[in-house]
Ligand SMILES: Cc1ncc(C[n+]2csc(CCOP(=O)(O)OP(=O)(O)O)c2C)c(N)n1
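Quick heads-up: it's one chain on its own, the form predicted on its own, in structure tokens.
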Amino acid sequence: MATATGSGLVVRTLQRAGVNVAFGLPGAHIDGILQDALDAKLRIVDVRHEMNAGHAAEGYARVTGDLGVAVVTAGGGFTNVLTSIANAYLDRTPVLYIAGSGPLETDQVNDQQAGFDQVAMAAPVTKFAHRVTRTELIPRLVAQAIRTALSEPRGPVLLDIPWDVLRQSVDVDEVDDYRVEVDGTGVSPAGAVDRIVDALSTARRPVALVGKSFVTAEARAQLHEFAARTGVPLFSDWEGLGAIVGSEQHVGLVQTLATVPEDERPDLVLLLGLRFGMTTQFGTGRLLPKSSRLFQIDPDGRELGRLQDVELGVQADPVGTVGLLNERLGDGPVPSGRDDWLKTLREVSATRRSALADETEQHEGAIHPYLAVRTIAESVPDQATVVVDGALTELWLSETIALAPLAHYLGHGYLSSMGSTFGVAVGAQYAIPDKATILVTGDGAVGYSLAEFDTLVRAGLPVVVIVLNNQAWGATLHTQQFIFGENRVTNNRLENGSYSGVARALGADGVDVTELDQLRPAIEAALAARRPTCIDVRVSLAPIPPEERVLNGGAPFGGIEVDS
């Protein structure tokens, strides 16, 4: 009789689903999974904090479109990964979190790493959370969790598996395997697609806003074909930027629309998996005009017309729907005027950058952050993944990153959890090992995960970490100055230590940059070395990025600085 432990059944089911890596940190409650993974050659990338096991699984899922997996121990291991679970939930990222827990036989005996309901804690921020109570149920419940994570709208799932359930052996001949695949999702009805085609044919100033659905090369090819055949300019939020790069109709991030002249604003907006909310200025009409015709395709019906009325709202797969649009478009010519419209939008984007460049001419002291992020964008190699962390850093980088020939741009997402994306960079680099991964982070954000330089070294992951170091929690410091006054800044200064020194101490490379002309050579050298590297860039705190000015009630331009 052939037997398998519960841990072995977990590993077997993961491998049936095509999983070849999971991210975790050792602990007694899950050591059985690590042992069976070792025998099955399922790679476990071990990090220095469970928080980053979860975030690494997110990063892997975000750049591949496949399932990410995190394996964490009970108690503190589980609570450490809760931020990642919430992050994946808000951003619709398919991650399976497997958490160990105390033995069933010692339930409610005041044991260590026990005494609370892990499933109940995770339930509000998961699509499915369940405790497995019998070993023979593992194949069915793991398969169900995987299908749930990958079903639209995608999202995180949690399985809590007690220590004794993982250790128990069962007869493998009496345990069935279950379907792990989701073979396809629905597309828009043909009639709705025809309405979009008709509307596009008469629109003078159409735009398409692209969300995170277009991850694979095939999906992006369909999107680029659609844009080429219609001449529709492409915008994105942070997650969709890599999908529109490479298209002749690529313009940049959706925030560019905020500075389009009033009489030249879009008259038709096609939302392809991009949700109303923060990135669309919450449906106020300042970004997407109330007078424009809105057509929304989203895999989640709850998102249709959430904050602005839409003429057509279809719950469907944006990728498949774009493919159907291409079929319906036929071979007709691109409507006249589209080249001029694209040129107008690109001029708006260039004017925005020129205004920022002009502001830097009067700046003295440390490197102006706009000049730093412009240099970074110019240094990004083809098909790289760029990850960003830190509120002020993300605001600055958003002004230039659309110029980079990247494949993926991974930001904070809707939770905007500071310090979360060092782990994301770990998973992203593992997923695409032959391409560069660059993490651009603030000095405040990088402090959450400095020990992960050790992970990069041990795992052989050549992530380049660029720290924009203004020696402060910049965004909160500026907010305190705006709201309470410059003499009321408190708990915001970060003036000690060397981040490049920490990296060197943990076996990575470390470089200090104090002059702008040092930055690009430092980036190029780090990329060529294929070694984990920290580039510590001293930037000025005083300048205010355009989007922060808007958040504080001002205009996006005007040369505003604060006393640093």
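Fair warning: this is a prediction, and the values are worked out from it, not measured in the lab. Quick note: we count residues from 1 along the sequence shown, nothing fancier.
Beyond the structure shown, there is the form predicted in complex with the named molecule, which is absent from this document and is the topic of what follows.
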Task: Segment that reaches the named molecule in the predicted complex - one of 413-421, 222-230, 123-131, 137-145, heavy atoms within 4.5 Å - done: 413-421
- [ ] Just give me the single entry in 475, 98, 404, 86 that has a non-hydrogen atom within 4.5 angstroms of the named molecule in the predicted complex.
- [x] 475
Open item on the list: Give me the residue from 443, 160, 303, 239 that has a heavy atom within 4.5 Å of the named molecule in the predicted complex.
Closed with: 443
Open item on the list: Whether residue 470 contacts the named molecule in the predicted complex should be assessed with a 4.5 Å heavy atom distance threshold; does it?
Closed with: yes
Task: Heavy atom of residue 94 within 4.5 Å of the named molecule in the predicted complex - done: no
Open item on the list: Please tell me whether any heavy atom belonging to residue 370 falls inside 4.5 Å of a heavy atom of the named molecule, as the geometry stands in the predicted complex.
Closed with: no
TODO: Indicate whether the named molecule has at least one heavy atom within 4.5 Å of a heavy atom of residue 341 in the predicted complex.
DONE: no
Open item on the list: Given a 4.5 Å distance limit between heavy atoms, list every residue of 382-396 close to the named molecule in the predicted complex, or none if there are none.
Closed with: 390, 391, 392, 393
